[in-house]
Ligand SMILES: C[S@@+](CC[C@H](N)C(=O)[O-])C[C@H]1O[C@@H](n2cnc3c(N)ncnc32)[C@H](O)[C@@H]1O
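In structure tokens, the next block holds one chain alone, the form predicted on its own.
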């Protein structure tokens, strides 16, 4: 993704419901999988602003949940949403690196787009360590419990235009079939799995870019940073539409421990 650390852009949660390419229909399926039979404890590693965890708690009114994320702003948003939805008495959110979390195992666990918690630092631009993530998650899922595991994969053969905006390497991700093999090797049963559609990706990427649009709408066209924001919008659009669209995928697995 384009680096915009020098700017105070609107938060992503104002433009996106989910910090992943996922439709409401698919999210509902994942919530149903985690909620029936009703869990006692729900753990979300890399929870972002906690949308999926909060929906599971709404669907399973006896469950308690914990979300962990390294971004304090996302955790603040998650707590605010828990309060708004009357779930704060059943949901806790911790702002800390996931690898430092002393989390007790749960019978329902979520990890979507957060395998990097157990791998090399993202800034090292190394391949995603799915195996380390799955082994760690296996220890967090109680026997017979359920895991929703979502992670980036190559949905088509990577090419230079697709890899350049990412880590620049063909081995950054696995194929869905190779990931499924690692999941089974980690001791999980695959109940079902599916890939995010291009339409889901289009909605996600449009929402991701929307914060640039919203910044430009809120500032004078001659603002010193306006040119930079316009470039960031265009760089992100080109990276996706002319690069990794249809190549970078997102696989969602419903697993049983």
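Residue numbers count along the first chain shown, from 1. Note that the structure is a prediction, hence the values are computed from the model and not measured.
What comes next is about the form predicted in complex with the named molecule, which does not appear here.
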When the contact criterion is heavy atoms within 4.5 Å, does residue 46 count as touching the named molecule in the predicted complex? yes
Determine whether any heavy atom of residue 70 comes within 4.5 Å of a heavy atom of the named molecule in the predicted complex, and answer yes or no. yes
Find out whether any non-hydrogen atom of residue 96 is located within 4.5 angstroms of the named molecule in the predicted complex, and reply yes or no. yes
Do residue 248 and the named molecule come within 4.5 Å of each other in the predicted complex, heavy atoms counted? no
Looking at 110 to 118, 175 to 183, 84 to 92, 131 to 139, which lies within 4.5 angstroms of the named molecule in the predicted complex, counting heavy atoms? 110 to 118
Using a 4.5 Å heavy atom cutoff, which residues in 9 to 35 contact the named molecule in the predicted complex? It's fine if the answer is none. 18, 19, 20
